[in-house]
Each structure stands twice: as structure tokens, then as C-alpha cells.
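Have a look below at one chain only, the form predicted alone, in C-alpha cells format.
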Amino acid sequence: MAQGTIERWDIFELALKGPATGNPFRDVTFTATFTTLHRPIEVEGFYDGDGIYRVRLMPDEEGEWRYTTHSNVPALDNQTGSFLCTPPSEGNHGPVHIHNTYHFQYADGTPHFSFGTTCYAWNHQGDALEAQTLATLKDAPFNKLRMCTFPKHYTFNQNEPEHHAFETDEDGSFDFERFNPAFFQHLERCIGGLRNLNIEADLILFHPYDKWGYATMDAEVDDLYLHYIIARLAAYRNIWWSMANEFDLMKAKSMEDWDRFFKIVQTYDPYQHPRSNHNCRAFYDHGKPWVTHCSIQRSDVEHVDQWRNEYRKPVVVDECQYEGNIPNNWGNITPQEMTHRFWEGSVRGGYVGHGETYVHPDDILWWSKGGVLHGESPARIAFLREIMEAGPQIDPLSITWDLTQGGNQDYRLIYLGRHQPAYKTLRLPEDRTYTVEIIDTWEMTVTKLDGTYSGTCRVDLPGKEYVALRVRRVA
């Protein structure tokens, strides 16, 4: 008889009591085999402190599941049981995977249009500010958030975190042989908070902005950490894996290291969550087989369609600079420019990420610490998201120096950007009939033009910047 129920794509967890002496993180092996419909899934377990060992599964099929544990410790070995997987609740669409080469889709078939933002260290700011960040996200347009596992030491972010990932010795130095379960328990609560808002957690596993030693761990510790965090977090349906933020600035890591990290994640993540690697200057080779999508830092989003053609994978411009007013040029673009880059990248068949860096008396900048949003672009991004989700996923159509458009023969978006033409000539199929709407991307208005259009036709325009057209077939 099943020992409980869990909904599809939620987390089943088995907790067992085992040894707390020695070094359980290294000395104890603990795995489980879960089976349904004769299909086995092997899952690594982990030590969670105080003699507690856990193993987690994200069941992806409804019906009965059975499990058997395996360990070099008798108390953890050959423990068996079962549970019943029930249908998912409303809003639970499952994990995100690649769809139709260039796009994303939830496991239940719902398209995922990625509208991300960056809050690198929001999960290291204490309960009050973290709660405020989640409250802000509840009403924000973002369905993906880039965040670091390890704390960050950088301009506008000089505070010490409440927890560190490793236990400390008497002299205050890290014991890289022992994880600090409290650190990872807190991280899980933050990721769970995002999951409850249907926001993907794009988790950055390594980054260069460090003063504690996380960026220079040796290969053995790196690999131990990857196994541990996969065992803890892979069962969260909203996880994406980002090997690094600005991987090319991490001089202690070689290209062979990055390839190895990818292979570890690919091998031990049973659910194959999205995987990528974010650059500063030079791209990681997104064409490598273990990369699922391109994670790109570039301001020239006009190249999105070229990157699609080069890598034949979804292109996510996770960092196109930030709306704000700090002295750094990467952090002081206007809200109009941020909105423009979202439209430009989206119509070219890609996905664009947001960030915000407005000066704050307490250095609470959204891009690093979260808190509240102050900018004007999020409302326009929400407007764009509504338009995108109301239509098909966009592929580029005959993009030339004079016209940026995406869609298909029945639906297309045309973005005019910073140009302000009085009219445009459209070339539509002669044997089909279309309606045309003028979209003011800044004022967030949609104006349907009178009549219908076919073949080569003239469309009169308001002669202002940041205008788009939506063309839809009606016959």
C-alpha cells in the first residue's frame, strides 16, 4: 500500500536517521532507486545535519512509485516503500525544457516565454529584505530570476551573509570537507518561494566576485559541491543550472573545468533541467552538446537571430545592461532603452533579461539585493509579455536592415525600434487577408487599423519611436 501522496512534479522526500559521527558528507554513500511503470530513476541522497539523511524525487508520472535505498551504512540501506503520484495542482506546469529547437516549454506542454530578471545576491540579505523581494516579484512580470548560490562581494554589495556554505574551523577558515546544512536549507526556502510564484530559479553555481574562497576551490571540492547541490535541488521543478556568472573572469578555472562541471550536472540531474554558462567577454561554446541554451551578456541584441543560426539553440540575452543611474555604463541605460532591447530581442526570436541599478541610500539595488523595483521598464515588459503569450512563439522572418519581423505566415510582429517612419510598405501573401494593429510599446496601447490588408500594401504610422505592428491573418 502506498505510504502517502505527492502531486506530479512536486517533491517526494524520504528522511532517514543515520550516523552523525566522522564526516557524513564524504564517508557515507546514500542513493535511491525510484521505479514506476518499470522505469527506474537513480537519485543521489545527501546529509542534512543532525544525523538526518534525505533523498528527493520529482515524480514525472502519475500512479504508484516504489523506492529502494542503497548505502554503505546498514541503517540507510535497503529501505523500501512506495507513494502515489497524483495529478498536478493548478499552476503546476512542471519543469521547463527545450521546445522546437529555439524555444522553451513546460512539461505539460504549456509554452514558456522567458522574461527574466537578475537579483544576484537577494538570498543573502536576511529574512525581511528577502520577503520584500518575493512580495515585489509577486506583482512583477518576471518568470525567471538569476541568482547566485554563493554570496557576492562587489560594488554596492559589501555586506556579510548570514550563512556560509561550509562549516568553519576554530580560526574562522572554511572546512571545505563539510557543508553547512543551514546555508542550503535557507537556499531551498528561497527557491521554494520562487516556485510558489511560478518563477524559474536560474541558479548560478560559480562566480568571480568573491573574497571568501568560493571562486578558488580545488577540483575535488568543486565536484563534491556540485554533487551535493544537485542532490538537494534537482527535485525542484523550477531549477535552471547556470555554471557561472561571467565564467571567463574566473581565472582559477580552466575550460576543462567548465566542461567537467557541465558533464557532472548533465549526468546526475535526473530531470535534465536547462543548462548554460554566462559570459563577460568571450562566449562559452554554446554549441557543445551538454549546453541546452545560450546565456549571453551583450547589449547588441540585434545579433539574436545570428546567434540562433550559429548555435541552433534558444538564445537568452540574460544581461543586456541595466536600467538605472549608477556611474557604471552597464548600469545606467534608460527605461526606454531597456524596453527597446526587450522588443528587439523578442521579435528576432530570442529572450531578453531585465536588471535594475538605481542609486539607493542603503545600497539596496535590485540587481544585487532585491527589495523593490523603482524603474519604468517592468510595466512595459509586462505589456510585452502579454502580447507574446497571446501569440505563437516567435521565429525571425526576413530580417533586413529595413525591417525587423518575426512570426509566421499567419501571425507576425514587426518592430520599428528607434526609427519613426510615417508609413511602411508591407509585403503580405496575395491570397490571404490580415488585420493590422499599431502597438505603442512605451505608452502600452494597441490601436487596430480599419479594414484588412493583403499583398503589397501601405500602412500609415504615427511617426514616432518604439512602435510595433501586429499582423494577424483573418482569412
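Residue numbers here begin at 1 and follow the sequence given. Given the structure is predicted, the values throughout are model-derived calculations rather than measurements.
This protein has a second form, the form predicted together with a further copy of the same chain, left out of what is shown; the following refers to that one.
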**Prompt:** At the 4.5 Å heavy atom threshold, is residue 79 in contact with a further copy of the same chain in the model of the complex?
**Reply:** no
**Message:** in the model of the complex, is there a heavy atom of a further copy of the same chain that lies within 4.5 Å of any heavy atom of residue 66, even though the partner is absent here?
**Reply:** no
**Request:** Spell out, yes or no, whether the shortest heavy atom distance between residue 110 and a further copy of the same chain in the model of the complex is within 4.5 Å.
**Result:** no
**Item:** Interface membership of residue 448, a further copy of the same chain in the model of the complex, 4.5 Å heavy atom rule
**Value:** no
**Message:** So if I measure heavy atom distances to a further copy of the same chain in the model of the complex, which of the stretches 170 to 178, 187 to 195, 129 to 137, 323 to 331 falls within 4.5 Å?
**Reply:** 323 to 331
**Asked** Is every one of 104, 159 and 364 within 4.5 Å of a further copy of the same chain in the model of the complex, counting heavy atoms?
**Response** no
**Asked** Just one of 435, 420, 33, 408 has a heavy atom within 4.5 angstroms of a further copy of the same chain in the model of the complex, so which one?
**Response** 420
**Prompt:** Looking at 259, 337, 285, 389, which has any heavy atom no more than 4.5 Å from a further copy of the same chain in the model of the complex?
**Reply:** 337
**Request:** Can you tell me which bits of 49 to 76 touch a further copy of the same chain in the model of the complex, meaning any heavy atom within 4.5 Å?
**Result:** none
